[in-house]
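First, one chain by itself in structure tokens, the form predicted on its own.
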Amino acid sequence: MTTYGRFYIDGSWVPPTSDHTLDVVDSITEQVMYSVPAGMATDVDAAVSAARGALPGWSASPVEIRADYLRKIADGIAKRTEAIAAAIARETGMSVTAARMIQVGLPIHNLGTAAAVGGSYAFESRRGTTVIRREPIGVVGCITPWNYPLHQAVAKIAYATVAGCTVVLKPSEVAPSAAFVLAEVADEVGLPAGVFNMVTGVGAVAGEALVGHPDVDMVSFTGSTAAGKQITRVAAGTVKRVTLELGGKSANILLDDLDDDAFAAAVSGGVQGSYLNSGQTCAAQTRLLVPRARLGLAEQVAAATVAQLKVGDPFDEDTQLGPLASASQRDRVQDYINSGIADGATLVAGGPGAPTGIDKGFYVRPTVFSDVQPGMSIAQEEIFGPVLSIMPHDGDDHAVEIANAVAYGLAGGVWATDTDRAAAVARRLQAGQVLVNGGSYDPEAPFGGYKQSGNGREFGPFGLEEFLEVKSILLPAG
């Protein structure tokens, strides 16, 4: 595999301009695995210059060629599935079993979807005497998080490049290995120099240099709401387009027409779903809203579900929850657990400290609180760990009120025997994507948030259009 000591710029692996490095820590052992360069503004400038130079040729190339490169990249990633899954399991703590399917399988699938969407998209249409063209916006700065490092990079890069844009990727320094593999594959398949460039570094240095760069036409960012606000401020200096996929505090609403078996299944599934990637998922439905009369049953089912979860080494094929990605993330989650106890929420499962028998790694105990009140910190703020809040509601209107009473609006869920009733509640939620009775997977469904969960959408035609400018050409009549 390519050395971690260089950046990928203009089709080549190039040395950094500084000797500063960043350690990448194994979430299981707490030991340093490798180091990556801490990119400076000069490195970002070189990457942006390469992307700017490649833009005219790439944007003028047939979309079929651009789409074909995405398919080749998908094939290259597929050949490296085991290595990528193992690296991400160590970086993020996700079980390697899940990592194969989610951290690698989904990006492969999404590359193919982006190729198909771009290949069938009408970049030019006519309305009477007006020609409406959709043209690539230009150079795109892609800044991606550590929780789904390859998935989020592909969500941006695949749609940007098939649209005709060139990109500079700044991955999270916590989990950067997938970015190096992506660069290696892009080089291997012969992607034209400068179309894809990659620089590692911290947000305050490399990230801000990319966001504020005058030759960057757009920034696509996934990460925390606090960081998204800072990116918006910096980007305003050059009035560039910014799309943001930020935090979430999603509600999973169970309505009162579910029978006991369906209710129990929804509670158990809700607990497990909220713990995906050890809760390190922006769209996790971390507030479980249940009818007040069934609060006790919800607590019993949740406690039993947690008791059956296997917490441990991500490389054990039976493990369902591994560690969190970093010491700081573990400490953050522990603080929220202590906050929930101090605020008077009922501790149903888990609690402070590491799971029994584990003395190494960034582990926390999968935790469930009940009778959580809307004003509590654990009900309002994104925790990003395996902590679920069960909240009682007094009917559909009350459930909607509670669900919408947060600063976020990324996702949600509604469960009911009457699907039409559930869908009616879903329409009232201030959230970008709502699953009704579990929903059906749609790789082209737009994904993004309301309110402080961000702006813009990823995936499918909506995701493609984020990277396009609209031009009207008015022809004379007759």
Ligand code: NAD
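What you are looking at is a predicted structure, and each value in this text was computed from that prediction instead of being measured. Residue positions are given as counts along the sequence shown, with the first one as 1.
What comes next is about the form predicted together with the named molecule, which is not displayed.
The putative spot formed by 58, 115 and 140 is not touched by the named molecule in the predicted complex; no residue has a non-hydrogen atom within 4.5 angstroms of it. Contact annotation: the named molecule lies within 4.5 Å of heavy atoms from the stretch 238-246 in the predicted complex, the single such stretch among 238-246, 255-263, 99-107, 293-301. Checked against the named molecule in the predicted complex, the candidates 227, 348, 309, 276 yield a single residue with a heavy atom inside 4.5 Å, and that residue is 227. Proximity to the named molecule in the predicted complex, defined as a heavy atom within 4.5 Å, singles out one entry of 196, 369, 159, 221, which is 221. Contact annotation for residue 83: none of its heavy atoms lies within 4.5 Å of the named molecule in the predicted complex.
Mapping the unseen interface onto this chain, residue 95 falls outside it, with no heavy atom inside 4.5 Å of the named molecule in the predicted complex. Contact between residue 51 and the named molecule in the predicted complex is not found at the 4.5 Å heavy atom cutoff.
Contact between residue 171 and the named molecule in the predicted complex is found at the 4.5 Å heavy atom cutoff. Using a 4.5 Å cut-off on any heavy atom, the residues of 372-406 that reach the named molecule in the predicted complex are, in sequence order, 382, 384.
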